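Coming up is one lone chain in structure tokens, specifically the form predicted alone.
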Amino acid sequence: MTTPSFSDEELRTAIARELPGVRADLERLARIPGIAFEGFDFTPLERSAEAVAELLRGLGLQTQIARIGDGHPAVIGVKPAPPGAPTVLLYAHHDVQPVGDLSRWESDPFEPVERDGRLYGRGCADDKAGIMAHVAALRAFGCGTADDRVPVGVVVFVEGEEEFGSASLPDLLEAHKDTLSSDVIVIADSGNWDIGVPALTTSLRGIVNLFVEVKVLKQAVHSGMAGGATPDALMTIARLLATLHDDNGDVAVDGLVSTSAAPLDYPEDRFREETGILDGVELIGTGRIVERLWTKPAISVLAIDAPPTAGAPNAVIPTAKAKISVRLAPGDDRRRAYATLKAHLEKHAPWGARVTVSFEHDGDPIVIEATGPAYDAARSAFKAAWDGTEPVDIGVGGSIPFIATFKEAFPDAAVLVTGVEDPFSKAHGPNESLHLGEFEKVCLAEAMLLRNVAAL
């Protein structure tokens, strides 16, 4: 096969040509509130899957909406490889996080709006922009037109329940293994090191989410009659949760793994600005910031069930429950880590309180050995798209457990973890946004990557 030749400038021109339509389609997708969490209306997820399928059909891909049992809909689009060319799987997800407290949003989370070069709205970055980066790259090659010159085979796989744990994913991959089989897998669900600095993600922390409940009484009792001798459940759970960290803020649970991180400098002032830490609030933990974020365990208390302050009676409450999220360093094991956390919480029960620990979900940490021709092709594409800026290898403190699922299902494929986010995207939080200038570079880099892979 003779691989079509595309210069950097030809691809730049093509991406610039396609970008207005790509943005319009991104905004249409972002208006669909497809949330896979329990308790939400799942009808928008069906609309979201159909909207993605329509985009892939418009590219001429053989497209189907797939699901396993009661799982949420995924979309698969296939374009067979030209003779002798490799096949690239392009992954993203169309479901989004809940919006949380609406009062903290500066605009309607499901009505995208541009402010200062950023597009704001739930899913505009995580991960509907990932979908549209794939679409943009394929449109740049004329995919689905009379001038179709896509140089590789393509499988677009857009999941519908990533934010809720990807429960159906292993069975989906098994059911469609032949269709999804590929030489290179591009997972567009991470981010870049900074605005203007591209990155490949080569490690991610794992996750264990659990609940801990304490019980101290059979029922609430008068705080005047019983206070002073009877522990209340909130005070008890507060003391229990405090055992999870030492005075420096390092995790104080024996047995969790810590490792070293890449030699990247992450200045404290940059970190404070990007996360919005208030003046005067100290950082927790010890060691370099990249180690605290990428290669050491972290424990966060996400929520507590207890009476609200409004209308609370003067009574000692009998029970309280907390949701805990534990991020695991690369090299740790999620099952062993859960057993370690459970034993710690049970051992440190204050005043003999009854402690019950229950599992929610988990995922393994990931380390990717990012060497070989596909990774060289990616780095070359990134450098060109970012006008000569060398990409860096980064870790990510968050978790994408399904990457391990892909690696197990397709052990011979090179897995490239990329993304559209930057440190100010605020994925999962209020006012999530996409930097439009960086998004154009992401789209260009993916088109260049497909060209480079075709030449391997």
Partner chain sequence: MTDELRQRIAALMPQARTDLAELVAMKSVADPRQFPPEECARAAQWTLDAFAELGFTDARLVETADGSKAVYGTRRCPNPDAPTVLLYAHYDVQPPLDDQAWRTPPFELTEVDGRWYGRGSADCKGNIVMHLTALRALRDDVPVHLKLIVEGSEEQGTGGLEEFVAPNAELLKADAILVCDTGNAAVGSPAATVSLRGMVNVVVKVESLKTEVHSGMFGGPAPDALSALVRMLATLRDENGGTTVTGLDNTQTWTGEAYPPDRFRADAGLLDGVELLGGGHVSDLVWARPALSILGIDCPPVVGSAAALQPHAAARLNLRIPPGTDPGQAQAALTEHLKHAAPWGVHVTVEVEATGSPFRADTSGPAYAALGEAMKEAYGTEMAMLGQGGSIPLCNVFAGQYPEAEIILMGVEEPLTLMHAPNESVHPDEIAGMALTEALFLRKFADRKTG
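Remember, predicted model here, so these are calculated numbers, not experimental data. Numbering follows the first chain given and starts at 1.
One more form of this protein exists, namely the form predicted in complex with its partner chain; it is left out here, but the text below deals with it.
- Here the chain stands alone, but in the predicted bound form its contact with its partner chain, taken as any heavy atom within 4.5 Å, falls in 353 to 361 among 130 to 138, 353 to 361, 374 to 382, 149 to 157.
- The single contact residue among 265, 254, 247, 116, judged by any heavy atom lying within 4.5 Å of its partner chain in the predicted bound form, is 247.
- Only one of 333, 108, 274, 174 comes within 4.5 Å of its partner chain in the predicted bound form through a heavy atom, and that residue is 274.
- Proximity of residue 218 to its partner chain in the predicted bound form: non-hydrogen atoms within 4.5 Å are present.
- Interface membership of residue 213, defined by any non-hydrogen atom within 4.5 Å of its partner chain in the predicted bound form, is ruled out.
- A residue is said to contact a partner when one of its heavy atoms sits within 4.5 Å of a partner heavy atom; residue 178 fails this definition for its partner chain in the predicted bound form, lying far away.
- The closest non-hydrogen atom of residue 183 lies beyond 4.5 Å of its partner chain in the predicted bound form.
- Contacts to its partner chain in the predicted bound form (heavy atom within 4.5 Å) from stretch 227 to 242: 227, 228, 229, 230, 231, 232, 234, 235, 238, 239, 241, 242.
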